[in-house]
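Have a look below at one chain only, the form predicted on its own, in structure tokens format.
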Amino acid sequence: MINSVRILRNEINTPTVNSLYFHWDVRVEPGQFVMTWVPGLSEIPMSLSLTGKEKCLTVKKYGDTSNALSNVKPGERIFFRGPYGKPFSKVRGKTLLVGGGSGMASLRPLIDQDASGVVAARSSDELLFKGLFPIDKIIVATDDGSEGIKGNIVDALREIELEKYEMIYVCGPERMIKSVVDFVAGRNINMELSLERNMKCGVGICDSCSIDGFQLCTDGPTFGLSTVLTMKEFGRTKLAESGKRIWFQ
């Protein structure tokens, strides 16, 4: 079923990221996604960055559809179907949200009084939603050192006692997530990771988002650490638009 909603406001978050706010009277859990469509262009998967009464899609500009979405004006409509996918697990106690780039969009609904954050980006102007955390509950890392730790997200994680958290939630580019998985492998840590791959159908038919036999759209996009550790293709392959699997490492 195609849903149509009218945009309430379009906020600029960073030079490459916008957030579209709207009302949609459907229950959505943090970590779930919708297949978003612009007339005349293709669908793209997008996690919701707000899941309450007011909902939000946070758009990273990287192609025709995302560029068109970022330019939607208040009062105009967008279209999508869903929600789809396996959400993050709910836990009680201290949590750590680890987001790289636009990956913070999926983690935003999990920010509460018990949550701390590690937010990473290439530069300070690309840091997303860092202001939603109290100053004493966030560590920032930038590739160029323009804010926080100069380095990657693992450099920031080295500053933290990870075992003290009831759950660590992670989202970002695949190679970033792979570096996190390698860093924590063998440690007694509860972690869930939201993976990103090219999706075309969102319902497990087209196989475009497969990895080691898992369909990200139906088996994920959220996976536990123990499952990701079994994935031999994770962090080493990508699927081209044609469906060809490309090994890059």
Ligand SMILES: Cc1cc2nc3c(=O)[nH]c(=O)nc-3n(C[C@H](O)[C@H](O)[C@H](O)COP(=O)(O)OP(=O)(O)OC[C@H]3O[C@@H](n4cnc5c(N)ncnc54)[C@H](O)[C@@H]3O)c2cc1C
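Since we're looking at a predicted model, the values are computed, not measured. Throughout, we count residues from 1 along the sequence that is shown.
Although it is not shown, the form predicted together with the named molecule is what the next lines describe.
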Residue-level question: is residue 46 within 4.5 Å of the named molecule in the model of the complex, judged on heavy atoms?
yes
May I ask you to state whether residue 191 is within 4.5 Å of the named molecule in the model of the complex, using heavy atom distances?
no
Can you check whether residue 54 is within 4.5 Å of the named molecule in the model of the complex, heavy atom basis?
no
Interface membership of residue 70, the named molecule in the model of the complex, 4.5 Å heavy atom rule:
no
Taking 4.5 angstroms as the heavy atom distance cut-off, pick the stretch from 160-168, 144-152, 100-108, 71-79 that is near the named molecule in the model of the complex.
100-108
Contacts from 10-38 to the named molecule in the model of the complex (any heavy atom within 4.5 Å), listed N to C, are 33
